[in-house]
Structures are given as structure tokens and as C-alpha cells.
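Next up is one chain by itself, shown in C-alpha cells, the form predicted alone.
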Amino acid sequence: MGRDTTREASGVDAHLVRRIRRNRWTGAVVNLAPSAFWLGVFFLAPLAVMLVFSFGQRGAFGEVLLAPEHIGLQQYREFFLPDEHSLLGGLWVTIAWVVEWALPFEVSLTSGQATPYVRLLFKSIGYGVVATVVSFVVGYPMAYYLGHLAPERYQNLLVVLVILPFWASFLVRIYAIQLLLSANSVLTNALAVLPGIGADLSLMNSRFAVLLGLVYIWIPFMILPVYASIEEIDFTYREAAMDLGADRLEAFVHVIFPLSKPGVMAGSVLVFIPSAGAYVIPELLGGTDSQMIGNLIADQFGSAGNWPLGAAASFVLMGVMLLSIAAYQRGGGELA
């Protein structure tokens, strides 16, 4: 009797398992449920809380006021609009400042100044752009060598050398740069030999130190996608272009580089996003004039105790990141 009951139960279980396997929606739910739970609890829920906080106000003792009379866009207004300006006037001052900041020549469109938060945001974007350009200039030739010129037996070893810094802690690598750029280091002592450079030279707490840190930390994210793209290129296209009269440079510009564009776009996004939102690198390597939007956000959640403004700044930075991803997709990239 007991054996019959066990067989019936096993038959029911086997039948249930077969039904679950045949139903693709049930399988999808079972497979996605753990990941969805993790993302919902540890990503979406905190993000939703921050979104609500960004519409609140800071209380007298640092608490977040979320009563109906305190809900509004005042944090975003404080971030974008200078004091004593109307909405249209503040927008004009901000846009004019951005145009003045972006143009390579001097022009005066307004006597006003954008808010310090907007200036810090665009300074962070500038750091991200410069770090991306430098990473491309340095990383593309390395990726080209890895993907096309390197002997096949050494290729895997060279790729390992590119990712080797990731085997060390992020902070350890930053402290290594500190030692390299500080006074009386090997680098500064070597530079002190040059005329016009003092013996007590220190490159720490400068914009150069921040840019060096950004490029050093994130350049593998430029090299690896470009390397993957170049490795897939059929170089007989270059030979065909040269047979049709193009020289090596023209063949590279018109054939090879366009074919490697997906890797360049992916690498640019992967370098720009963490560079523009960096916190640790400017905190440890930069000075008072090298702070970025990430440091502002950390200060608002920390010493300043203004969580609503910190949350609003976080969502502004997130908007910049989403725009960069949109530009990547529009440029022909594909998000995996």
C-alpha cells in the first residue's frame, strides 16, 4: 500500500515537472525570479526611495521632509537655476554659461553665472570626455596590435597583461598612483633633472593626477572592446582597398576604422560613464579644484546632510549617463 502511494506521488511529481518544462512562461519565471528579487530589493527599491527623496526638502536637523506641502521640484530648481532668477531667466543664464564654456573662443552671452552644481556637473563631463579621448588615443594602437599584429602565441598573454591590474584592489591601484606622483617619488625625482623643475615637485592634488587616475583605471575598458572588434575584422578588405589605389592610411581610415567602430563606441561608453561619475579618484588624487559631481553627491549624503539635494544630483547624473548610452545606441552600438 505504501509503495503504491509513493509511486503515485512520484508519478504526480514527474508529471508536474514535465508540465513545468513544457510551459516556457513557467520556466522563465522560475529562472528570472531570483534575479528579479535581487534587483528589486537592492536596486529598484533604493532607487525609488531616492526618487521620492529628490522631491522632498531638508529639515532643520537634516531629516527629509516628505509631507505634501514639502513635495516639489525645489531641489532640481536649486541645482539648475541661479538664485533670484525666474524659470526662463535661470534657464537662459544656464544655457548661456554652457555655450560660453563649450566654445573654444571667448564670448559673453550673459553676465550671470550658472549654479555651482551645474558648473561641477559640466566639469565632471569634461573630465569624462578627456579621459575617454586619452584612453582612445592610447588604447586603440594597443588594441590594434593585440587584434592584428601580435603573434598568435603571445596574444592570450598580452590580453592577460591588459586585465592584470584588475587582480589588485581598486584602492591599492589608487594608492600606487599616489606614491608615483608624490614628492620624492621615482617619477618626480626623474622629472626634477629637467631644467626649470624644482626638486620638491609633487603632482598630487592636481587635475593631472585625477586625469591620470581615470585613464589608468578605466583604459582596459577601452582596449578590450576595440580588441574584440579588430579581431573579427577581415583584413582582406584592406588589401582590396589598396589594390584599388588606396594607401595604408586611407585603407585604415576608410575601411578598418569604420569596421572597428562598434568597439570604439562601446569602449567610449564604458570609460566615460565611470569617469564622469567618479568619486574615489578625485577624492584621493585631486585637490579642492578637482572635485567632481560624485564628490558633491557624497558630501550631500554625508557631511552636509542634505539628502534631497544629493538624490536630485544623483538623478541628474543618471540622466547624463542615459544620454551617453542613447548616443551609443544611435551611433550603431548594441547593448548586450
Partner chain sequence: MTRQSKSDRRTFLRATGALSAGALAGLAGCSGGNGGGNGNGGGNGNGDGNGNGGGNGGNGNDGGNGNGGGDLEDELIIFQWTDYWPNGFISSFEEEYDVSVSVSNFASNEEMFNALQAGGTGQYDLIFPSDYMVNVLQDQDMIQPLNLEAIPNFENLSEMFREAPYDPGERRYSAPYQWGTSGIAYNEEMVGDLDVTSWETMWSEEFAGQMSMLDDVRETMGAALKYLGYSLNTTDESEIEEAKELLIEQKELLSTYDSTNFTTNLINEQLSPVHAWSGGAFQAYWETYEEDAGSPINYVIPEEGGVVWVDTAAITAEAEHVNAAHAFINYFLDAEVGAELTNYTYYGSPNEAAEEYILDEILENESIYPPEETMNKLEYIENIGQATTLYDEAWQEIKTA
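This structure is a prediction, so every number in the text was calculated from the model and none was measured. Numbering follows the first chain given and starts at 1.
One more form of this protein should be noted, the form predicted together with its partner chain, which is absent from this view; the next part is about it.
Exactly one listed residue, out of Ala228, Leu120, Ile174, Leu259, brings a non-hydrogen atom to within 4.5 Å of its partner chain in the model of the complex: Leu120.
When its partner chain is considered in the model of the complex, only one residue from Leu158, Ala183, Ala240, Leu87 comes within 4.5 Å through any heavy atom, namely Ala183. The chain is drawn here without its partner chain; in the model of the complex, the stretch among 245-253, 230-238, 262-270, 112-120 whose residues come within 4.5 Å of it by any heavy atom is 112-120. Residue contact check for Ala311: none of its heavy atoms lie within 4.5 Å of its partner chain in the model of the complex. In the model of the complex, its partner chain sits beyond 4.5 Å of every heavy atom of Glu100.
Residue contact check for Ala67: none of its heavy atoms lie within 4.5 Å of its partner chain in the model of the complex. Using a 4.5 Å cutoff between non-hydrogen atoms, Ser54 does not count as a contact of its partner chain in the model of the complex.
Along 291-319, residues Gln291, Leu296, Asp299, Gln300, Phe301, Gly302, Ser303, Ala304, Asn306 each place a heavy atom within 4.5 Å of its partner chain in the model of the complex.
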